[in-house]
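Consider the single chain below, provided in structure tokens and representing the form predicted on its own.
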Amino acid sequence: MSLKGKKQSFRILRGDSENSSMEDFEIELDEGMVVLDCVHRIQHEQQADLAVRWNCKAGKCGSCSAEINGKPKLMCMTRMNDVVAETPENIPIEIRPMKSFPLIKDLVTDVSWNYEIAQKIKPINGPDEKNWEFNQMEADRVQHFRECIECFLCSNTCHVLRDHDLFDNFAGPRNLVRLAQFEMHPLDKEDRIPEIKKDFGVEYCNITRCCTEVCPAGINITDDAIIPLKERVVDRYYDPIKMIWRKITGRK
């Protein structure tokens, strides 16, 4: 279906944390447009002060996260062909900011909480000499986590944060990925299991896999990061045989 010349209506959130509402716009579409193109056209032609965060427009920086017709996505990677096809005729396409984070203005939210939590995570603690060597399989296991672009769609979708507001108790999927990246490094010697249980609240996650479903980088957050961290907490605090073994050997 060609979109060139088609008139399309949008409903976009305008305002700040104290006063916001949905406003209607209509633009003419061009072939090959993504949602971010449409927002930029609205900026250029109708609302120059419409606030939107973006940078690379290539799905690599994670800046343009939003909720499009209620679905958390990157605006730069969401094709208008797909959005128009799934939107009922004569119904405007809705674009909202990420719900889980404080609204700054229009489509821009304050995601600084994610970085504040990241600062509390103990970094890699490996050998003093930096000529670290390990096999390719071990490298691939942690490299997978480094593909995260920090769009924070996973944390925005997570019901522990989105619905229950447990920002003081739970680190969120993105930072659990960071913890898994460090914990699974083959030469890391740091013990983070007590913090993963107590401070970062991995036990709050009940494996809905919603974070994995929205990850634009294709990281299997639930199975590759969160579940292995949960298993390590279980081994440390809830497995009676291993608890006895640790008391006998004096090992963690």
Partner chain sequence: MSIEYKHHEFDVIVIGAGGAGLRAAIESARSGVKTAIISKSLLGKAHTVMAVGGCAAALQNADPRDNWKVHFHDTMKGSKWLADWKMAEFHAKEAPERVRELEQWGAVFDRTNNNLINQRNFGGHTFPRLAHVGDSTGLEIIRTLQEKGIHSGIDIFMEYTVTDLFKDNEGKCIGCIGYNRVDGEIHTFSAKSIILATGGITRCWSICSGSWEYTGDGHALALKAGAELRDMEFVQFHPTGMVWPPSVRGILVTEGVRGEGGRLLNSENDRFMFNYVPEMFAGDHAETIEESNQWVEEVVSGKLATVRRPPELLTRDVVAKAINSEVKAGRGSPHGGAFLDISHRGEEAILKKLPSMHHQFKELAGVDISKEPMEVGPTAHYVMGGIRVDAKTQESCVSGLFACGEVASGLHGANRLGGNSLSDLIVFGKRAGEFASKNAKDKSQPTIDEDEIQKAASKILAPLMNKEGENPGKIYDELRDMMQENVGIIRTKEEMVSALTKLKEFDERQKNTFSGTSRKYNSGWHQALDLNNMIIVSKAATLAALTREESRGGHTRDDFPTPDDDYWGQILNIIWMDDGEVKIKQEEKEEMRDDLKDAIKEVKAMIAERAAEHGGEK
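Numbering follows the first chain given and starts at 1. Just so you know, these numbers come straight off a predicted model, no measurement behind them.
Heads up, the form predicted in complex with its partner chain isn't pictured, but that's what we're talking about next.
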(request) Name the single residue among L29, I193, V34, V214 that comes within 4.5 Å of its partner chain in the predicted bound form, judging by heavy atoms. (result) V34
(request) May I ask whether D49, K60 and V142 all come within 4.5 angstroms of its partner chain in the predicted bound form, judged by heavy atoms? (result) yes
(message) Is it the case that V108, even though its partner is missing from this view, gets within 4.5 Å of its partner chain in the predicted bound form, heavy atoms only?
(response) yes
(request) Give a yes or no for N55: in the predicted bound form, does one of its heavy atoms lie within 4.5 Å of a heavy atom belonging to its partner chain? (result) yes
(request) Tell me, yes or no, whether T87 is in contact with its partner chain in the predicted bound form, where a contact means a heavy atom of each within 4.5 Å. (result) no
(request) Decide whether E94 counts as a contact residue for its partner chain in the predicted bound form under a heavy atom distance cut-off of 4.5 Å. (result) no
(request) Go through 167-181 residue by residue and record those having a heavy atom within 4.5 Å of its partner chain in the predicted bound form; state none if no residue qualifies. (result) R174, R178, Q181
